[in-house]
Ligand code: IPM
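Presented below, as structure tokens, is a lone chain in the form predicted alone.
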Amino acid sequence: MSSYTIALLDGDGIGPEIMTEAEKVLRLAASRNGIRLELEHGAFGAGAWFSHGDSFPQATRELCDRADAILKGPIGLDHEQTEKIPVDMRPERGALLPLRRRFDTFANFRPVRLAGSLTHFSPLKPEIIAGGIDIMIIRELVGGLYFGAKESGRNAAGKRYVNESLEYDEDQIERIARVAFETARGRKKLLHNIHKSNVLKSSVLWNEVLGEVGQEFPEVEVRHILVDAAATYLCLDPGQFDVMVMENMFGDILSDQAGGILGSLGLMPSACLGPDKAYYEPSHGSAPDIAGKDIANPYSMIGSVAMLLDMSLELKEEAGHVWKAMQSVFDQGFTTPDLTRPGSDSRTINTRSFGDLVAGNYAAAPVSAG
């Protein structure tokens, strides 16, 4: 019997609620496939700072070190609570970036998927997305402005200033480019390279290195597009995109915009892969204003489980069953509060009910052979 340890970092706000639904699906996957799973919870995020004095406590670091994969919930609290935490220990600086740095999770996969039967969730006109949306955004995750040197203070004139560096070297660009080309080769053999080379010299280097890697993938068509134009076309013609690759900050912004064209970031799971380990997380925030109300959409959290099954446990067929189980909930006429639209005849259900329906649909799927 195969055995895996999965670190569950519930996070803040709605994190524990949606993690509970994800855990249902993880346990079901294990029982369907004869796998022994050790699911261990660890403190992580703003709540961890209040309970442990550290947003990424040592015990959680050690748990993540020995885990085969990490499933992470959203982090962060409201402004008032956040202001009580020292700046460098706030969840993003004190927990999330150190997690990425610790495991060098340089490749972020964010699927932007909306079946044709679900296009009514999107704010875009039906004629723009009649065939649905299916894009894979690949974001470099451990370089660029977010990880560059930072300083602040007062200059010689006594004025407050800040200086942050955007840094990439050719090795960092080469490895994310290779991931993007390999992903594109397995899909429609089309890769959109998102850059800002008319202004940023970092993009000039990015394009040079990506072009060099592209010589190894002659079957993949590359289309270069400026990041501001890409933002526009995501709204006007998202169907032109299949795989999109970009640096860290561009990916942060455009992937959230992609959630907007779906109708909710609640439909955006993600995978963050490093050389030896990966973590999986929803792309949305912790929504502390609705925490504890049983109305959060667990789709992104459960979708992150599907990606974990596929990318870390090599259960690709099982992952496909989970994706279908989630879509089936919507096909059955149910919706979650964030996706409910005025005049819709869909039945709005709560967090636990969505998780139960997904688990029921998944349990009815055929068990993968072998």
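Because the structure is a prediction, the values reported are computed rather than measured. Heads up: residue numbers just count along the shown sequence, starting at 1.
One more form of this protein exists, namely the form predicted together with 3-isopropylmalic acid (IPM); it is left out here, but the text below deals with it.
Enquirer: Between the options 237, 174, 134, 92, which residue brings a heavy atom to within 4.5 Å of 3-isopropylmalic acid (IPM) in the model of the complex?
Expert: Going through each option in turn, the one that passes is 92.
Enquirer: Looking at 192, 113, 100, 196, which has any heavy atom no more than 4.5 Å from 3-isopropylmalic acid (IPM) in the model of the complex?
Expert: Of 192, 113, 100, 196, the residue with a heavy atom within 4.5 Å of 3-isopropylmalic acid (IPM) in the model of the complex is 100.
Enquirer: Is the gap between residue 281 and 3-isopropylmalic acid (IPM) in the model of the complex 4.5 Å or less for some heavy atom pair?
Expert: Because a heavy atom of residue 281 falls inside 4.5 Å of 3-isopropylmalic acid (IPM) in the model of the complex, the answer is yes.
Enquirer: Within a 4.5 Å heavy atom cut-off, is residue 242 in contact with 3-isopropylmalic acid (IPM) in the model of the complex?
Expert: Residue 242: no contact with 3-isopropylmalic acid (IPM) in the model of the complex.
Enquirer: With a cut-off of 4.5 Å between heavy atoms, is residue 209 one of the residues that contacts 3-isopropylmalic acid (IPM) in the model of the complex?
Expert: No, residue 209 sits far enough from 3-isopropylmalic acid (IPM) in the model of the complex that none of its heavy atoms falls within 4.5 Å.
Enquirer: Please run the contact check for residue 230 against 3-isopropylmalic acid (IPM) in the model of the complex: heavy atoms, 4.5 angstroms, yes or no?
Expert: Residue 230 lies outside the contact set for 3-isopropylmalic acid (IPM).
Enquirer: Quick one: find which of 79-87, 293-301, 165-173, 138-146 has residues within 4.5 Å of 3-isopropylmalic acid (IPM) in the model of the complex by heavy atom distance.
Expert: Stretch 138-146 is the one.
Enquirer: Using the arrangement in the model of the complex, list in sequence order the residues of 252-275 with any heavy atom within 4.5 angstroms of 3-isopropylmalic acid (IPM).
Expert: Counting only heavy atoms within 4.5 Å of 3-isopropylmalic acid (IPM) in the model of the complex, the single contacting residue of 252-275 is 252.
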